[in-house]
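Take a look at this single chain, the form predicted alone, given in structure tokens.
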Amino acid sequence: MEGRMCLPSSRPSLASDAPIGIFDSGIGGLTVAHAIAQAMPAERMLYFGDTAHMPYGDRSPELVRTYSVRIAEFLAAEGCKAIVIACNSASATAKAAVEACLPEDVPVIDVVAPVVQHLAHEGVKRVGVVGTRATIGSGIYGHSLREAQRANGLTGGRIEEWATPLLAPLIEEGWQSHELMLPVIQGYLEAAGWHAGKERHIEALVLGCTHYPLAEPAFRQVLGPEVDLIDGPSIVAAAVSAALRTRGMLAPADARQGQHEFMVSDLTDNFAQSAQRFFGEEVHLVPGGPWFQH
């Protein structure tokens, strides 16, 4: 995979008004897409949710890389000027493979590195991370944050990671405000030793799954006021803006808002209903993407 160019030479040329490509294993990445839309209202987005193969958190790293590369190729071939991996599992296992298959002029932004850099820059030492089995099993947050802390001269840091596999399916079902969500979160955070009232407290909690911000009120209730919840989608949106600004690829601020496109590899009524919850406003999902190409 390393050094291999996977895209055809007929790929459209990039322009500042080209869309930002965003993908996730499902519709959870719409929390990131919504943050990008809020931060950069002049930009257009092409979002792809691989709902036919979700959840990536239960897939092997090799399979996640295969899916991610094919989706990134599709988005770049559609003329996207940047690719956002809006999935923690894919960010943890597939970013290098995605970068190797794209032209150098297409920046790849994942959802892990910007959060890690933010925490290190802010000097946060004791961090908890919750996420899928794939994300937590990769150790990506712990490894990356320890490196970033050392680079910033921070000592005495502590990073603890805890898998919370029941949360994403509950949120996917729209149960983020259901009475069952609170005890599930409380059970996980108690097992990790992070809930309010514990003597050993973390300073900040990273919601290492793009579904989890929808359950932020429940997390805050269980954690108490002493622990900061990290706003991952907003941090990632700022990183996307910075990457485009550095390359002179931001859409003009006075540009007319273009039409966003939202594709999924498998469309069901449940996904269509859930998309509005994740994006914060009405979303029109259509079937499409690389598995529809012949």
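Throughout, we count residues from 1 along the sequence that is shown. All figures in this text were calculated on a predicted structure; none of them were measured in a lab.
Separately, the form predicted together with a small molecule exists; it is not shown, and the next lines address it.
- Per the 4.5 Å heavy atom criterion, the small molecule in the model of the complex is contacted by stretch 202-210, the sole one of 115-123, 155-163, 97-105, 202-210.
- Checking Ile230, Met54, Ile36, Ala251 against the small molecule in the model of the complex, a heavy atom within 4.5 Å turns up for just one residue: Met54.
- When contacts are judged by a 4.5 Å heavy atom cut-off, Gln149 does not count as touching the small molecule in the model of the complex.
- Under a 4.5 angstroms non-hydrogen atom cutoff, the small molecule in the model of the complex has Thr132 among its neighbouring residues.
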